[in-house]
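One chain comes next, on its own, written out as structure tokens in the form predicted alone.
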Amino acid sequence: MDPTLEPLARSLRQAPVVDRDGYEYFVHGVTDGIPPIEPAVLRAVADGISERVDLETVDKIVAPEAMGIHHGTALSVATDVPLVVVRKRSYGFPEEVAVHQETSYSEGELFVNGVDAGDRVLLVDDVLSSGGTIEAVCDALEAVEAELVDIVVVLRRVDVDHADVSRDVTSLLDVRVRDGQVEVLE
């Protein structure tokens, strides 16, 4: 394992798992904001993404609300690349793009503002489960004719079906839930 990511891996192994209508959902600061996220974990995330993406080719970091925001913020602060937050509410701006999002455990609308045609963007999110959020945000970015440089998630769940994901996604760590525990795959 990349030693940079050890603070993240160590904290994941202690994450509780809860049942959400038959879906085994792990609760962690990276994915839920609870328990508190240690600064070392946020640094590990920002460093891990920086090591995997050529940020010289990126104009804007795009992060979906809610749990992509703190990862995008940590990366933006570390790299001086501006951050765009994809919101769950409309502001009604003329250039706003709305898309429908469906995940393993929720659905709703997402709204993109602040991304222009030709912008080279990096999409950053917390976890790849079903892929519904990533697909929706990518559809919105394509609608505004932005150039998608890369997609990075902090965690990829390898124990769920990603059939809805039609794009390459880079993950910092691959995880699964087994016997009520989060396992970090090496």
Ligand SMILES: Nc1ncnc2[nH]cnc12
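Nothing here was measured: the structure is a model prediction, and the numbers come from that model. One rule holds for the numbers: they count along the sequence shown, beginning at 1.
This next part talks about the form predicted together with the named molecule, which is not shown.
No atom of the named molecule, overlaid from where it sits in the model of the complex, falls within 2.4 angstroms of a backbone or C-beta atom of the displayed form, which makes the pocket open. Heavy atoms within 4.5 Å of the named molecule in the model of the complex are found in one stretch of 46 to 54, 113 to 121, 26 to 34, 138 to 146, which is 26 to 34. This chain is drawn without the named molecule; in the model of the complex, the residue among 151, 42, 58, 127 with a heavy atom within 4.5 Å of it is 127.
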